[in-house]
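Next up is one chain by itself, shown in C-alpha cells, the form predicted alone.
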Amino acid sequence: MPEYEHNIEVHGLSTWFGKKHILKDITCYFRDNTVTAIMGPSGCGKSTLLRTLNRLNDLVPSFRRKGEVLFKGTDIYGVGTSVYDLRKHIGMVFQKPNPFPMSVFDNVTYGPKLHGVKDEDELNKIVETSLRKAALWDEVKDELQSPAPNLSGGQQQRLCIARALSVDPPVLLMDEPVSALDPISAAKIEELIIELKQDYTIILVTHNVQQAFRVSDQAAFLYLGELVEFDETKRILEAPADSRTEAFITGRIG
C-alpha cells in the first residue's frame, strides 16, 4: 500500500459549538481520485464535517474538537500547522456562487497572486487551464475582463470552481454546490465533478440521494452527528445496512 493511499483520514472526530455536540466520534477516510458524497438530513453535521477538513470552523469562536484529521499523514490541527498552506491544498466551493466583485481574470488569478505568482505569462496560462478544467473557457475566453458577477448563476459557480483549482489543490471540498442552480446548470456541474476526480479528491456534501448515486464512488451517511454508514455508494443505496439509512434513501426522513 502506498504511504498515503488516502489524502484525508479522520480518526475519532468529535466537534462542538459551545455546549452543542455536533459530530460524534467520526472515523472515515477519503480515497484519492474519487468522489465521496456526505449525505444526511438537514442538521446532521454534514457541513460541519466538511468545514472541519480545512479548518473553516476555526472561524467560529465557540468551536472545539477532539480527534485527528490527517492530510497526507499529518494532523491538520497539530501544533505549527499553517492554515494558510492547508487551504492551498484543500480547496472549497460553497453552496451559493460567490465570485469576487472583480473581473473573471482577477477572480482566477487571486489565489496564485496571493501565493507569489507574478509572471504575466504564467498567470495567463493558469487562467486558461483553470477555466478549461471548470468547463468555462469557451464561454468566457472573450470576456476575461468583464465583471464576474455579470455571469449567469451556473457560470459563476463554475468560475468559483476554477478559482479553487487555480492553486492546484489535491483535494476539493464542495458544499451542496448545485442547490442554488437551475437543473441545466446543475447537470453541468455534476458532469464536471465526474471529470475532475481524474485529478482531484472530491468531497461533496449533498442532501440529494440521486445526485450522490450519479456522481460519487463512496458515500457517508450522517444522522444526528453519527456516522451511520460509510461504504461504496452503490452498496449503500442498493442494500443499506442500517434502517436509518434506508429511511433516508426512501424519503421517510430528511
Partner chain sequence: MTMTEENETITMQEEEQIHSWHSQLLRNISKSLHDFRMADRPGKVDMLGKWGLFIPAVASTLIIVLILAFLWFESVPILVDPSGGPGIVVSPTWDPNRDLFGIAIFIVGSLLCAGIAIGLAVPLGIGGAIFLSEFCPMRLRQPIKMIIEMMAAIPSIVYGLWAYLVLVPIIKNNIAPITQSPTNGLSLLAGGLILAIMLLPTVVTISTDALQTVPLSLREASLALGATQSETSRKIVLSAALPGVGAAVVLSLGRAVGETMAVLMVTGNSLQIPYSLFDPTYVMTSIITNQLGYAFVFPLWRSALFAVGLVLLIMSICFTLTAKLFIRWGMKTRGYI
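Positions refer to the first chain, counted from 1. Everything numeric in this text was worked out from a predicted model, so none of it was measured.
One more form of this protein, predicted in complex with the partner chain, exists but is not displayed; see below.
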query = Heavy atom to heavy atom, is residue 56 within 4.5 Å of the partner chain in the predicted complex?
reply = yes
message = I'd like to check something about residue 115: if you look in the predicted complex, is any of its heavy atoms closer than or equal to 4.5 Å to a heavy atom of the partner chain?
response = yes
query = Is there a non-hydrogen atom of residue 90 within 4.5 angstroms of a non-hydrogen atom of the partner chain in the predicted complex?
reply = yes
inquiry  = Quick check on residue 147: any heavy atom within 4.5 Å of the partner chain in the predicted complex?
reply    = yes
task = Using heavy atoms only and a 4.5 Å cut-off, decide whether all three of 51, 102 and 164 touch the partner chain in the predicted complex.
result = yes
task = Mind telling me which stretch in 133-141, 177-185, 81-89, 119-127 gets its heavy atoms within 4.5 Å of the partner chain in the predicted complex?
result = 81-89
